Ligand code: GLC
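Consider the single chain below, provided in structure tokens and representing the form predicted on its own.
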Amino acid sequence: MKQTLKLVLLILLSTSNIYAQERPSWAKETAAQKEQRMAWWTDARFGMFIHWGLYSLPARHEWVQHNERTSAADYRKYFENFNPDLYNPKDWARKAREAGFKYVVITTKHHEGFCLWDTKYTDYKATNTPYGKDLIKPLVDAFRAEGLRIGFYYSLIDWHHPDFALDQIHPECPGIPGKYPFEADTTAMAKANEKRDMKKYQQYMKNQLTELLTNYGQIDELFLDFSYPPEKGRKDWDSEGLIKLVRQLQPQIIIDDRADLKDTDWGWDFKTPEQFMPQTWPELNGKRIPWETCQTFSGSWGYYRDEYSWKSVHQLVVMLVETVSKGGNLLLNVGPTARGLFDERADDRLAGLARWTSLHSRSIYGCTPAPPEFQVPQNCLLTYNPTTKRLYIHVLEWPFKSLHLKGYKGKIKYAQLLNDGSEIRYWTETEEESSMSETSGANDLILSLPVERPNVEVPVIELFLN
């Protein structure tokens, strides 16, 4: 038994050593330099994600090719009919700016392998469709003109490339006949993969990333997506080689954590919880780390005509505030239609976000969690701007006439509603009054609120701190 345990421990240790890579010689950035590189992103807090590709034609999920086990031949009809004739990236960019976004991340290539730019390394690209033009260049120009920074999403997965090895999520993975639900025929899959060479695919990715990071000026964020070991991980992508290339081409760029290098301090810059809100600021080895949660208006990323689980404007505003209150960024997704428009449900949510952020942006940009000495009032979320020394109380449920702030005495010098700049008066209870209350204390403040709730999705109280 002891020998068995010893063997298991040796195996675990050897595996750990394989993946606990030493810092390569080219990765020389210090922690302080990394913090400075990421300063704009930490300040921005709010980015727009755009998932757009051939899957906008079937309009029933961006994974439709996988979900319906569609062959490349059958999927070809979407390529042959892709013609977003109403595409107007200037309109997209204007709506993004008005809604309060500070940067955009666009899917240059999703798992289906279709490329939105005029790449030299495949014919499976927008310029060969009926539309016939590069979709990325005008988007980059339009969003830059509106003052937004540019990010590129690039799929590590490619269901179209002939050298990308089949696996269980590949649409053309052979299945066991008559088996339901689907189960891969591993023997047939291994035989098919004898003709596929992931080394060639690795070079394909490097060639395409070189194009994307050379031909469109400064790119501020790179979202690589995604690893799923043991089937496909760092060795399959040559993740170190990819990251090294990216850093050489765009030294200032910020990279996500999906290249299967999370055990390094050089292979990623921020954590990416997807469709998930962490309970607290994520940590690694006891230290808080940068993070960005990517979320959708509805349940899918690509345009889904018949999906009805759309979040309300109120939910989206609360999601943004909660993310910032925990030290994170929100990357909120739009899935344009096959004709190149944001659908009316997306436009409605963007307009609602615009109404709120136009009045409350000070409580989001440049903000972070409140210092620990400020207790969060009931049914509220706090954000804090350390530069201006202002604390923001986002009131999720409007109380009747007053809001109790425990332990705030002597810490503020002025209070106002953020939406209209109107003063909020406050007072401290006397020792006699606080002694008669089970919940109050002599160090507490009482804010005097209007009876009627401000007509905004989430009212915000701005406190000027001493």
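Residue indices: 1-based, along the sequence shown. Just so you know, these numbers come straight off a predicted model, no measurement behind them.
Another form, the form predicted together with alpha-D-glucopyranose (GLC), is not on view; read the next lines as being about it.
Exactly one of the stretches 28-36, 413-421, 57-65, 400-408 approaches alpha-D-glucopyranose (GLC) in the predicted bound form with heavy atoms within 4.5 Å, and it is 57-65. With the partner removed from view, the residue among Tyr153, Phe114, Tyr75, Trp237 that has a non-hydrogen atom within 4.5 Å of alpha-D-glucopyranose (GLC) in the predicted bound form turns out to be Tyr153. Note on contacts: among His360, His110, Lys102, His160, the single residue with a heavy atom within 4.5 Å of alpha-D-glucopyranose (GLC) in the predicted bound form is His110. In the predicted bound form, at least one heavy atom of Trp301 sits within 4.5 Å of alpha-D-glucopyranose (GLC). Mapping the unseen interface onto this chain, Asp91 falls outside it, with no heavy atom inside 4.5 Å of alpha-D-glucopyranose (GLC) in the predicted bound form. Within this chain, Asp197 is remote from the site of alpha-D-glucopyranose (GLC) in the predicted bound form, having no heavy atom within 4.5 Å.
Among heavy atoms of Phe223, some come within 4.5 Å of alpha-D-glucopyranose (GLC) in the predicted bound form. Site residues His51, Arg258 and Cys294 are all in contact with alpha-D-glucopyranose (GLC) in the predicted bound form, judged by any heavy atom within 4.5 Å.
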